[in-house]
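The chain below stands alone and is given in structure tokens; this is the form predicted on its own.
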Amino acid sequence: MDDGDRPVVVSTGIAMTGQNVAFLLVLVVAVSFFSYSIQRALRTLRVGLPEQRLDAPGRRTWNLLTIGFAQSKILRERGAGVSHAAVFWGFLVLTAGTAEILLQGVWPGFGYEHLLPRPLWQLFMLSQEVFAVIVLAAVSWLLWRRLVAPPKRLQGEEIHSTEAVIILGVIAALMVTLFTTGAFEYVAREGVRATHFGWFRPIATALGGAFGALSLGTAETLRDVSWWAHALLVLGFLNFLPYGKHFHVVNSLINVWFSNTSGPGTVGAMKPMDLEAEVESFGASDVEQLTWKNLLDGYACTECGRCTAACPANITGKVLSPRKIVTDTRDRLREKAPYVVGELDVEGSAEAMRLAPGAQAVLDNRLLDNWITEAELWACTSCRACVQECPVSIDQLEIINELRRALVLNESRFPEEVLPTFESLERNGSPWAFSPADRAQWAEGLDIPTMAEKLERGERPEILFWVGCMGSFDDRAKKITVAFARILQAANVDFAILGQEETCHGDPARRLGNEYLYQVLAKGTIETLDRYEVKTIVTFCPHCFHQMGNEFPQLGGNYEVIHHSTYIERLLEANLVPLQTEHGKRLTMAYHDSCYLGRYNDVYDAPRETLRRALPVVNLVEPARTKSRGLCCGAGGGRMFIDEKEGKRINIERTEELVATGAETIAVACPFCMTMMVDGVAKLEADVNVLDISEVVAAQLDPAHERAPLVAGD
């Protein structure tokens, strides 16, 4: 401000000029409107159901630090990730400078130079210019990427490209006006130039030198114009945010703290449902049946499209886009909220709104069908790739699961192929129409005891080997069952099976939205396990592993559940498995990560270590998409029981990736993946074997130390 302006207001002994008064009015209006906008958005969240998200503050704060501030998820993509992280970190640093600028608009004498030791103040001033340069460079690259070479995930109707370009332009203008304000100040404040400029303000000093020919009056005027432009851009930017997709700038960190996608709680576990509650419907068909956190996810969405780019359904040409699921939820909330929680602007109450023209049409709409279609929901494989990739910890899958529940439980709407699966689960205790009496046929001649036989002898086995439906009835999966049983016997592990008492635990029903059937099956399984006082379960099916270990506790079933990859690795590490000492030729092998083993349970190393320990001469090669970025086989989320009629088959896409590694063998650790990979190899007519890791180990057993006899199919 011009120090020569005549003071018109005096407060607490500090003179305020006309410009200061004008800016104070602008600031009050801007802050008031921003406060109103935030309260307006918060009121819309009241549409959602209550949910407790204040548990485990330590874990939530850790997520905030690592995912929110350290940007660990956004940095999974190097190019755009580094640029966005640079802008984020730049704004964190520059916010302190912005606060100083706004305060100076009201309080002319304010400055950090009066509060900080000079060396620290100089470092602060240097940080402002350094990070402004970093932000300007990052924004320039992001603008080029948006306008010149946009990736596929930033194209299409879902993308608000114009808004993104405007916001990036505003950020660039903020950085430019920050520099020009300093440069014109350099010229205008000749008397303090030596103390306020120098190495710690390199850009302002250099630009100020370039503008040295300006008169002091002109420089002062240009400095004021640049300062006002910067301040108004800041306030305008702030008030624009709540009305567009960039609202995530305000609430993404909040969303990360409240999120459960990386813990606390059990990662990937579906939300429990009280089927005896007195409610009109189950699941969610509209926004008011989702939780406030589901709705907050919509406001936090950056529309970056990483979720959609990682979605196996979308990659292979299906209609599903996880980004659209979230943005549709947000847009439906904004459409309906005024009629539910009261008018958010000026028209009046919710009752008055419902009488307004067009109100009935809005109220008659719903999220399900009018915004999100059945085809989108049933295309999901529940692989959690979308959740894994989201940089602000949105749970797209939870919304999909709740909408599926509404379809099945309230309206009995599901793909026609699913009906036989539901009926067989009810009648036979498995997804297929096999007789329960045949469940243990695979064990004939292997001398494997059942839990009932052990109990009759007064014995309690060390572990229960949970075979699962695939391992009991599928001809290819039964070979895995036998291979793992041979390993257990060779290692002298005391184990037993349930035999005919084993039934499906209901995971397929739950993933397909039939929560009622799931709970009937799960509670029956828990009753059986508790009757035998089972403590430790080992299974080679990741779906069984996840369900019994992570979701059974919701119904009171608490057990130590271990996947066979981890269990075999422990046996090998302890030298309990007798292996042949001589090996054949060097074998090139590619391992396919199961979604329910990897992204759901973070088990990536155990299967690989098992292969390396079993075959010291194995050459493990990785496909392009591997570990947490691995591509789903296409069988999860109940898709195993639904025909894939749209686009390219997911298992073909994945098999092509694995075959492209040049591997002679594809290793898996899931019977569902086995089925999909075998089918993929056959369709591609590739000369590649598909083996479960237990089969690889069993093939290396030393015959001289095997306790179990070999059977056909080994």
Partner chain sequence: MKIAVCIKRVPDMGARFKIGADGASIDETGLKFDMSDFDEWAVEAALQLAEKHAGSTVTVISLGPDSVQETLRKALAMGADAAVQLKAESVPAGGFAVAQALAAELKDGGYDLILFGRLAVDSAAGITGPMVAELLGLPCATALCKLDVQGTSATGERQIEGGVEQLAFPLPAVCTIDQGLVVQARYPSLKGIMAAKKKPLASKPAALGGVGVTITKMELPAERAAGRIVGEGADAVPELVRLLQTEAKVL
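What you are looking at is a predicted structure, and each value in this text was computed from that prediction instead of being measured. Residue numbers count along the first chain shown, from 1.
One more form of this protein, predicted together with the partner chain, exists but is not displayed; see below.
Annotated contact segment (heavy atom within 4.5 Å of the partner chain in the predicted bound form): 513-521, selected among 447-455, 320-328, 67-75, 513-521. This chain is displayed alone, yet in the predicted bound form one of Thr181, Asn428, Ser83, Ser252 has a heavy atom within 4.5 Å of the partner chain; that residue is Asn428. Comment: the partner chain is not present in this chain, but in the predicted bound form one of Glu280, Asp643, Glu582, Asp364 has a heavy atom within 4.5 Å of it, namely Glu280. Using a 4.5 Å heavy atom cutoff, none of Glu288, Thr291 and Glu527 lies near the partner chain in the predicted bound form. Using a 4.5 angstroms threshold between heavy atoms, Ser412 counts as touching the partner chain in the predicted bound form. Proximity of Val408 to the partner chain in the predicted bound form: non-hydrogen atoms within 4.5 Å are present. Contact check for Phe247: no non-hydrogen atom falls within 4.5 Å of the partner chain in the predicted bound form.
Contact annotation for Glu533: none of its heavy atoms lies within 4.5 Å of the partner chain in the predicted bound form.
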